[in-house]
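This document opens with one chain alone, in structure tokens, the form predicted on its own.
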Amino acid sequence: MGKYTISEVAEKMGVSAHTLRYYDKEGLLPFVEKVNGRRVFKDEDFAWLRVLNCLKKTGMPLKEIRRYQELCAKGDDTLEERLQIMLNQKAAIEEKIELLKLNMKELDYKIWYYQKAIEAGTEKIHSEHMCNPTLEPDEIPDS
């Protein structure tokens, strides 16, 4: 059975040791042993750490993560509620992905715009495509 320092776990998770200390202070790492005042993580801790890291990286507030953790501790009676939390978080991520796709489309247009202007030596070649009176991304013209 492996044992890991807070620095080793932080590196594996891609977060700072300070962040893990904060999670511990917030009660999100109740399983972590303290030996001589130092946090010691075990192999089996990584299952929760993976979920915690995922939820945090997807933007779930710590309050909601704590609620999820508390439900997990209550056992099978909370399975449906935990599923709903995951479904809600997935829906929030899907919404963010769609927004990012929309923003990527605008960036693609601007990249095309500048590449064509550089080739022509002027932005004036785009005068017919200027002034889209909506907030929708501009479309790259065919050909």
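Predicted model only: the values in this text are computed from it and were never measured. Note that residue numbering follows the sequence shown and begins at 1.
Keep in mind that the form predicted in complex with another copy of the chain is missing from the display, and what follows is about it.
In the predicted complex, at least one heavy atom of Glu106 sits within 4.5 Å of another copy of the chain.
Taking the partner from the other structure, another copy of the chain in the predicted complex has a heavy atom within 4.5 Å of a heavy atom of Lys90. At a distance threshold of 4.5 angstroms between non-hydrogen atoms, Val40 is out of contact with another copy of the chain in the predicted complex.
Contact between Glu11 and another copy of the chain in the predicted complex is not found at the 4.5 Å heavy atom cutoff. When you look in the predicted complex, the only residue of Asp76, Glu44, Glu70, Glu33 with a non-hydrogen atom within 4.5 Å of another copy of the chain is Asp76. Using a 4.5 Å cut-off on any heavy atom, the residues of 37 to 66 that reach another copy of the chain in the predicted complex are, in sequence order, Arg50, Val51, Cys54, Leu55, Lys57, Thr58.
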